[in-house]
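The chain below stands alone and is given in structure tokens; this is the form predicted alone.
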Amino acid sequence: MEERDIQKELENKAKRKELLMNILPFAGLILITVFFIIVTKGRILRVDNLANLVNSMFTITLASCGAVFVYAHGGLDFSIGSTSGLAQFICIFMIMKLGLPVPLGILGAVFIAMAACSIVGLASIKLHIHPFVASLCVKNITAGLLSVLTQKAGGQITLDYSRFKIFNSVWLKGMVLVVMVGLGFYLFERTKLGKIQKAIGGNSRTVEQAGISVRKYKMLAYMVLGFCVGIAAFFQMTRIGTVSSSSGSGLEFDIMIAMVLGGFPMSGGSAAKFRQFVLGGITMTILTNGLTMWGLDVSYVSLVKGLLLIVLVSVSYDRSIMKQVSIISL
């Protein structure tokens, strides 16, 4: 009887913890929004700033639609930022320098992003290199290529805004975002592609014993990530208007912070939900925009985001990237 009571108490405790983890991301979003409404005296809600929020949220959310598949099975990819920058360069070079149609430029960006993310997947799956190490290697490769290519192009390539004005329309971005988020939600929550990612994150050995190819579905996850990063890279290029050696820098960390803020488990598994990434992306966007409007210097904004990531990871998760890194170093 005593053992049953203990088991019941443990189950109740687990349920309370799960409920708390479901509530906290929403509570955090509300608190952050209210805080910045107060400190910015309502300026954060101005129409022009709301358009900035949509633009900022757009890139993070699009990339997150693919990242959710990789992180759900316990994977990692720290090359997303530099991969996005290289995809932007290829896209703008094809359009502005080679005179190719815009759709071909978009395909070029998607191809480069999918290739880079696939290399991370292949290195971790086929060569058994930890995805942390594999993605860092690909990050250095793509960052090096971007630096060399931009130097040869004179330091940066500038976009002809008149040709791409339509792609900066808030309405167009809103429609693209709805389609991508809707498609991502369906694939992740309603199809085998997403469900198996969560199963792999929970116990990959069990999935393998069930006759499912773990390698195949991990590889598909990295390809989905590459596709989303490529689409996000194109819109980021049209928004900024230039591509340089620093293009895309920091995107991977913004996605990671968004994941933590949304309550997404960093080890993946059955607790992973698509809405967590979307919620985290919104929270991350409001946080960055609010800190900037509050008057905080850009360098201090990065400092705050880094400290926030450390705090949230340390207090909210049993297994994290930090622990995985320590295992690699042993």
Partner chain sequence: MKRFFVLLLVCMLAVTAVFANGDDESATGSEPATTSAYEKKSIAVVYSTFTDMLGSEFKGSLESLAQYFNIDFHFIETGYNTEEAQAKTDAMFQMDLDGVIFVSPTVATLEAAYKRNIPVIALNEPVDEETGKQLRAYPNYLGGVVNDDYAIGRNAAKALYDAGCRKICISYLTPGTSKNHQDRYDGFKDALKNYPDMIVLSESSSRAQWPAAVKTFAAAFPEMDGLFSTAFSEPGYNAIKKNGLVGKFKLATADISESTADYIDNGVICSISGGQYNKIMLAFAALYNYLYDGTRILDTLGGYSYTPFIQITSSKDYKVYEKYVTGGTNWVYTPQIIEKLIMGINPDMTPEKFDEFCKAYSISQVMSLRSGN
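Here, rigid core means the biggest group of C-alpha atoms that superpose within 1.5 Å across both forms. Everything numeric here is computed off the predicted structure, so don't read it as measured data. Numbering follows the first chain given and starts at 1.
Below: the form predicted together with the partner chain, not depicted.
Which of these residues, Ile129, Ile240, Leu104, Leu183, gets a heavy atom within 4.5 Å of the partner chain in the predicted bound form? Spelling it out, the residue with a heavy atom inside the cut-off is Ile240.
Of the residues Asn203, Ser213, Gln156, Ser118, which one places a heavy atom within 4.5 Å of the partner chain in the predicted bound form? Contact check passes for Gln156.
Exercise: Ala271 in contact with the partner chain in the predicted bound form, heavy atom 4.5 Å: Looking in the predicted bound form, residue contacts with the partner chain do not include Ala271, since no heavy atom lies within 4.5 Å.
Taking heavy atoms only, is Ile23 within 4.5 angstroms of the partner chain in the predicted bound form? No, Ile23 sits far enough from the partner chain in the predicted bound form that none of its heavy atoms falls within 4.5 Å.
Contact label in the predicted bound form: Gly230 to the partner chain, heavy atom within 4.5 Å: Residue-level check for Gly230: no, no contact with the partner chain.
Might Ser79 be said to contact the partner chain in the predicted bound form, defining contact as any heavy atom within 4.5 Å? No.
Using a 4.5 Å heavy atom cut-off, which of 274-282, 45-53, 65-73, 261-269 contacts the partner chain in the predicted bound form? Among the listed stretches, the partner-contacting one is 45-53.
Using the arrangement in the predicted bound form, list in sequence order the residues of 62-88 with any heavy atom within 4.5 angstroms of the partner chain. Counting only heavy atoms within 4.5 Å of the partner chain in the predicted bound form, no residue of 62-88 makes contact.
Do you see a C-alpha shift of 2 Å or more at Asn55 between this form and the one not shown, with the core held fixed? After core superposition, the displacement of the Asn55 C-alpha between this form and the one not shown stays below 2 Å, so no.
Aligning on the rigid core, do we see the C-alpha of Ser270 shift 2 angstroms or more between this form and the one not shown? False for Ser270: its C-alpha shift is below 2 Å.
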